[in-house]
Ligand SMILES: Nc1nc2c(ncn2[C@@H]2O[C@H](COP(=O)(O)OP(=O)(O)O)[C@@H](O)[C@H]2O)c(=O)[nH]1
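Have a look below at one chain only, the form predicted on its own, in structure tokens format.
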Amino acid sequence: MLIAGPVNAGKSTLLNAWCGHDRALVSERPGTTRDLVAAEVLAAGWRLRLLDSAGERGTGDALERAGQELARQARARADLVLYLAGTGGDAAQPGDLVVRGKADREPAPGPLDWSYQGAHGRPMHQLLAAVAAAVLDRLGLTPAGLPAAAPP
């Protein structure tokens, strides 16, 4: 699963929270992540491979553009793209699972929120559990570790 989205949307912070430890560098400086950063995590008994990616934006930095190209290539191969939406200029694509990042800065809850700070009366671990449940649902996996039943 690829974690995509604009610069500074919180992609690396989400990866670290899901891992339960620092796996990716986090900074307020846009363009910190340039390579794909992989991690394996558990979600309701399922092992998921997450890829943190370079943030999407126009840039004159050749190294940052190379990281964005790696992200585009990973998007083409991903089983699922979790698009962490920021504020404005977002470019989620059809089929992406859109999660509103930094939801603690938004006045009202959204359908699927994420924030390391927690948001709208829900602590971070509850927001993360909701994201994990949405990921499993989108992949057709049940929390019990069995494939979801095919629709009749």
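Note that residue numbering begins at 1 and tracks the sequence as displayed. Keep in mind that what you see is a predicted model, and the values were worked out from it rather than measured.
There is another form of the same protein, the form predicted in complex with the named molecule; it is not shown, and what comes next is about it.
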Lys102: heavy atom within 4.5 Å of the named molecule in the model of the complex? yes
Indicate whether Asp61 is a 4.5 Å heavy atom neighbour of the named molecule in the model of the complex. no
Looking in the model of the complex, any heavy atom of Gln117 within 4.5 Å of the named molecule? yes
Should Gln93 be classed as touching the named molecule in the model of the complex when contacts are defined as heavy atoms within 4.5 Å? no
Residues of 1-18 having any heavy atom within 4.5 Å of the named molecule in the model of the complex, listed in sequence order: Pro6, Val7, Asn8, Ala9, Gly10, Lys11, Ser12, Thr13
